[in-house]
Every structure is written in C-alpha cells, then in structure tokens.
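Presented as structure tokens, the chain that follows is alone, the form predicted alone.
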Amino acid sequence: MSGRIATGLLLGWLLLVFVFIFAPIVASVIFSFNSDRFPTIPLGSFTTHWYDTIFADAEIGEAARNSIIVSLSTSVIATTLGFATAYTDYRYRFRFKGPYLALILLPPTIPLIIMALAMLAWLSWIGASGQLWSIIIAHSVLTAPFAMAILRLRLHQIDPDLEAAAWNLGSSEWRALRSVILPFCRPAIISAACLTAAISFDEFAVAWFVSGLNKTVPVIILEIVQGNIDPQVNAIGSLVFLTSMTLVVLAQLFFIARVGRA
C-alpha cells in the first residue's frame, strides 16, 4: 500500500510539474485564436485573424526565413563539429584530453548574456558583426557541445574492434570511417542535427546582440511586445513552439531508435 501511495504522489508531482511548465504555453495557443486584443477571460470568438496577420507581414516573413536559414546552417555545422570532436575522443589517446573535452563543453555553461557580449566583441573585432552568418557562427559555437555529447555517447556504444577489423580487411581509414562509423552513428547524427536546429531556432540573447538588421523570429517577438500588447505574439509563439517541439520529438525518436539498436 505504501508503494502505491508513493507512486501516486510521484505521479501527482510530475503532473503538477507538467502543468506548471505547459500551462502558459497552452494559454498562449488558446489566446492566439481569440478575437479579443487583450488576453482576458471570458474569451471572445474564435478567429484566425492573428495568424492571417503574421503570414501577411513581410517583416515577420523575413525573420522566419532568417531563422530557418540560421537553424539549418547551424545544425549542419554544429553536428559536423560535434561528430569530429566525438570521433577524436573515441579514436585517439593524447595528453590533456580531459581539459580538451572540458573546453569543448564550456560554451553551454557560460551565461548567455556573457556569451552574447563576447561574440559581439569578437565579431566586431574581425569586422563580421551584423551579418546573418554571424548568428550562424555564434549559434554553432553554442550548440556544437550538445551534438558532441549525443555523438560521443553513441560512439562509446560501438565495438572498438569493428573499425580495426575493417582496416585488417584492407579498408583505408577514410573508408572505414565512411562504411563503419558513420552508418553506426547515423541515428545519433540525425538526432543531434534536430536538437541543434531546435536550440538555434529558439535562441534569442546571442542572436539579438550579433544579428544587426538581420532579425530572427525571437528577436522580432521582442520588438513587437516592447511598449504594447499585440496578440500576434501569441500566434508567432505558437508556431515557434510547434516547430521546436517537432524538432525535439524527432531528436528523441532517433535517440530512442539508436538505443534500441545498440
């Protein structure tokens, strides 16, 4: 009986946590279909006016295009860097590997405002601030450690003799990498790409500092809400949440798939 009570309390606690996290998001989605300008109860009539408004807004469309370009480019670069780093850790033994890995995992531990200021200073110093690819560089630095962590976990599940067996059968190192390592890591690579794309798509602080006139969706949301209440924000936020959750769910599905095949 005590076990059932403990299980019930745990489930109740988890339910409260989920309600606490998702209630504001659910409310934002509901208000995005509300005809009233202000988010009040009782609700007005059902409408898609706010979605029609943002789809017709050229500035929001440009921001969405920028966010898509940045997130896709970041996912490719960050996943490539993450794989290269994880494979270096798996394949080679060298001095100071511990500090090397700690340095690579450092960016996510730095407060975003500090990271944003550092990126702005560095990009300004080399004359590269205010460009779309400036955001891509900054986001790649920020998200590559997440890709590395996922791929490093996958590489530690492979039989270390498989690559050596390929070499003994006459395969070159590059061919063994292409034919043995990459197929084994494919689910983790896709998972890392989805996760880094989701992080980049949602990131605001760094993008706001280094973007210049190349606004992303989180940056334009801030501009909309400054000084007034605009229901468009609920519609934009709902679409951003849907996009991010789709990417995160895909990353999780591929993560589960690779664990199941391990």
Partner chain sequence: MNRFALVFRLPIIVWQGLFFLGPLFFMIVMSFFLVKNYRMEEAFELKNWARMLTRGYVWDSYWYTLGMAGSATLVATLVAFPAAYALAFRVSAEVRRWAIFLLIIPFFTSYLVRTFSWYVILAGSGVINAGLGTVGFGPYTMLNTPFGTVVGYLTLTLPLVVILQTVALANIDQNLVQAARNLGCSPPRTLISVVVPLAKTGLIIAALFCFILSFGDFVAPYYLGGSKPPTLPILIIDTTKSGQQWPRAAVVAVMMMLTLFAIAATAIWLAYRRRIAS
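On a predicted model such as this, the values are computed, not experimentally measured, just so you know. Positions refer to the first chain, counted from 1. Whichever C-alpha set is largest while still superposing within 1.5 Å between the two forms counts as the rigid core.
Just so you know, the form predicted in complex with the partner chain exists too; it's not on screen, but the next bit is about it.
Residue contact check: Q226 to the partner chain in the predicted complex, 4.5 Å heavy atom:
Yes, Q226 lies within 4.5 Å of the partner chain in the predicted complex.
Do S140 and the partner chain share at least one heavy atom pair within 4.5 Å in the predicted complex?
Result yes; S140 sits at the interface with the partner chain in the predicted complex.
Verify the contact flag for F209: yes if a non-hydrogen atom of it lies within 4.5 Å of a non-hydrogen atom of the partner chain in the predicted complex, no if not.
Contact check for F209: yes, within 4.5 Å of the partner chain in the predicted complex.
4.5 angstroms heavy atom contact with the partner chain in the predicted complex for R91
Taking the distances in the predicted complex, the answer for R91 is yes, it comes within 4.5 Å of the partner chain.
Among the candidates A149, L123, I190, L132, the residue which, in the predicted complex, approaches the partner chain to within 4.5 Å (heavy atoms)
Among A149, L123, I190, L132, a heavy atom within 4.5 Å of the partner chain in the predicted complex occurs only for L123.
If you check in the predicted complex, do I21, A27 and V233 all have a non-hydrogen atom within 4.5 Å of the partner chain?
Each of the three qualifies.
Partner contacts for 67-96, taking the partner chain in the predicted complex and a 4.5 Å heavy atom cut-off:
Those in contact are I77, L81, F83, A84, T85, Y87, T88, R91, Y92, F94.
Superposing on the rigid core, does the Cα of P24 end up 2 Å or more away between this form and the one not shown?
It does not reach a 2 Å shift.
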